[in-house]
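Alright, here's a single protein chain in two forms, structure 1 and structure 2, each given by itself as structure tokens.
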Structure 1
Amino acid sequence: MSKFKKKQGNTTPGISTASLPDIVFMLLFFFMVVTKMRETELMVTVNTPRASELTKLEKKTLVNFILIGRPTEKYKLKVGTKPQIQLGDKFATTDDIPLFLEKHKISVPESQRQSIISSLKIDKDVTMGIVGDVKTTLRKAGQLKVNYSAKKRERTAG
């Protein structure tokens, strides 16, 4: 046993991995910042159907979202299990839609108001009754551009 270790041969020192955590943290923070958190809580379960003829919604500021689905577990006791409409962060009825549309309209410059699109995020198991009511309300309110939110699937052959 010698007091000092003998110097090992002239091996090249390994690359220092000390900065690896910093690099990874940088990446981590990037993703954390970029990840846009949902501002509004989902109070209804929305599982959109699949469709092949999809159009992308380009300008987010010109889109307002109307959600229709059954309330999540948390709200089942409060409002029951029937399909509900969610506007912004609260449950609503079809009567609240015109005001909701108007509020969104104000935030859009006047020149772009005719290109406002309503995105309907509707659960696939909801029946058309409530959807038809919402459609009628939208028509009455003059909001005719509608986008039925859906997931991508391939077009059927034939």
Structure 2
Amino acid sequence: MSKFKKKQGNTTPGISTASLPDIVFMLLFFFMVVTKMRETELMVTVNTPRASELTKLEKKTLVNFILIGRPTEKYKLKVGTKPQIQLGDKFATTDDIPLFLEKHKISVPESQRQSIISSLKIDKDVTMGIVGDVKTTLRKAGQLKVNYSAKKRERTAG
């Protein structure tokens, strides 16, 4: 006869891991369906300049992006090699900017329309002529909040 007795009724059963692969695959399919991929294809090459004083835009839904740069290899035969303006997923001219701004304004709740920002992503090798035309058109359309996109400059030791 042993001095110690095993307790038989108080043990908890082990957790079954048989359904774990099912749960993992359900999560994988969920994220595959819900994830939103990039809406627009980059049709212009944009290598933004570097800057040291940057602020991050908080609400991306309030930002409309205007890209200015040279067409990518895929589009050079169609539109040439001169710098182009890309609004959304198409090439545009400065005359198309007011309509682009209105379409974006309609998609934003009325209470937040005063906070809409136009972000200019401009290739660092583009001349200021086309940029000046875009800025003038933005001003005439009443879009006075303008942001210039840039990459963070690495700090040099010294």
Partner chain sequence: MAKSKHRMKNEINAGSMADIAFLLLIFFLVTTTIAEDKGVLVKLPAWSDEPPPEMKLNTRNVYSVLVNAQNQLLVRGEQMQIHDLKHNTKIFIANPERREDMSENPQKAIISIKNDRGTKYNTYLEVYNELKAAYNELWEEAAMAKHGKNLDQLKPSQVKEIKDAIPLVISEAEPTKFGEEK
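Rigid core (definition): largest C-alpha set, two forms, superposition within 1.5 Å. Throughout, residue numbering runs from 1 along the sequence of structure 1. In this text the structure is predicted, and so the values were computed from the model without any measurement.
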Here are two forms of the same chain; which is the form predicted in complex with its partner chain?
1
If the two forms are fitted on the core, does L28 show a Cα displacement reaching 2 angstroms between structure 1 and structure 2?
yes
Displacement in Å of the C-alpha of A18 between structure 1 and structure 2, rigid core kept as reference
13.5
